[in-house]
Ligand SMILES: NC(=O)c1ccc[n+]([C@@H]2O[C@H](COP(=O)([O-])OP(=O)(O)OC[C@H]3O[C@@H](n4cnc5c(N)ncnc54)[C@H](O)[C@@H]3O)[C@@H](O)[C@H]2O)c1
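This document starts with one chain, in the form predicted on its own, laid out as structure tokens.
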Amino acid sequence: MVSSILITGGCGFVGSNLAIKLKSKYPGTKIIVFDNLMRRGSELNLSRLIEADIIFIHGDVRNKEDFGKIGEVEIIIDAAAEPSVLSGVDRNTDYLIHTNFNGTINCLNFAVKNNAGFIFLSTSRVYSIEEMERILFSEDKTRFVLSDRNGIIGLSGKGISENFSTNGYKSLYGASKFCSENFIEEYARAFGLRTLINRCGVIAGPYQYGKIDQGIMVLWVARHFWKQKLAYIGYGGQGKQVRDVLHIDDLFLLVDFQINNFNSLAGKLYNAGGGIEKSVSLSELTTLCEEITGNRILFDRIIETRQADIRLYITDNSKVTAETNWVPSKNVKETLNDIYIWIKGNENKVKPILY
């Protein structure tokens, strides 16, 4: 195992969970988290990190001067992001671009300086929305179902692979991450930087402070837990949109493997998601939350589809499974139950943020 790891965005949901799990498995490794603490809930994750003997450095990826506080590291996991797919649609794109693109450039320059391995947590949102809207589907009682008659490159009955089109409209959020991917490839070629890119779909689990536009699994459990109203938005307001769900524990297993096999995997780009067996529609998500919490809530139905919404996205993990033997294990109900146990056990702490 390497001696030192830097995780940017390290007080966020993904970053904090990865940091704590790495420190637990490798207590002799120096784990450093770097975060601006702007997102609500990050202060609660920070207390967990300090208890785990993880080094915290207050800094912002947008400010290259802040990297001078860090020192030398062997691996960088770039988990810093403005993660909302709706970010920037209010025409205020500064924070999105400066964090998701300029921040990545600052991380890359720091990696070059340290000759550090660089793992980038990207997103499935780099794929073309126009092409996804061309996907043939059928409709059953609870979900949209991927058709096996599609002739689209990068699409099969398993879902969307790395060969799916990235041309055209993606959302401002997706475009910011795609620009970062392009520069990561350029830095790898220009400076010999060792890099890995993971295009993740929906990631979920405890210690995520979900909102309407990001962190939907936690949002759904929390609204059922406190008996608050939700809405099915778009595509007729029936809640049939489908996503696959990756538990944070399963993402850790992949990142852990990549760290320990970095030189052989350098230069790779992988889709990493729950896969078709861990997919769920909003309607099905509601049923599961009712079973877990014992509560039923009211729903508004908004027929109009929002900008950047998509009908279905399912990750095809064939490439990453073939090359690493990684297969996500936790199903959707297990993920939701883990979230429910976390909320119930920390109700007083999380209610001010999730309620």
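All of these numbers come straight from a predicted model, not from anything done at the bench. Numbers for residues come from their place in the sequence shown, where the first is 1.
Beyond the structure shown, there is the form predicted together with the named molecule, which is absent from this document and is the topic of what follows.
Asker: Counting only non-hydrogen atoms, choose the one of 179-187, 74-82, 152-160, 132-140 that falls within 4.5 Å of the named molecule in the model of the complex.
Answerer: Of the stretches listed, the one contacting the partner is 74-82.
Asker: Which residue, 174, 234, 201, 88, is the contact with the named molecule in the model of the complex, using a 4.5 Å heavy atom cutoff?
Answerer: Among 174, 234, 201, 88, a heavy atom within 4.5 Å of the named molecule in the model of the complex occurs only for 201.
Asker: Using heavy atoms only and a 4.5 Å cut-off, determine which of 286, 293, 324, 36 is in contact with the named molecule in the model of the complex.
Answerer: Of 286, 293, 324, 36, the residue with a heavy atom within 4.5 Å of the named molecule in the model of the complex is 36.
Asker: Give a yes or no for residue 271: in the model of the complex, does one of its heavy atoms lie within 4.5 Å of a heavy atom belonging to the named molecule?
Answerer: No.
Asker: According to a 4.5 angstroms non-hydrogen atom cut-off, is residue 61 in contact with the named molecule in the model of the complex?
Answerer: Residue 61 belongs to the contact set for the named molecule.
Asker: Examine residue 262 and determine whether its closest non-hydrogen atom to the named molecule in the model of the complex is within 4.5 angstroms.
Answerer: No - in the model of the complex, heavy atoms of residue 262 and the named molecule never come within 4.5 Å of each other.
Asker: In the model of the complex, does residue 257 have a heavy atom within 4.5 Å of the named molecule?
Answerer: It does not: once the named molecule is placed as it appears in the model of the complex, residue 257 has no heavy atom within 4.5 Å of it.
Asker: Within 109-128, which residues have a heavy atom closer than or equal to 4.5 Å from the named molecule in the model of the complex?
Answerer: Contacts from 109-128: 121, 122, 123.
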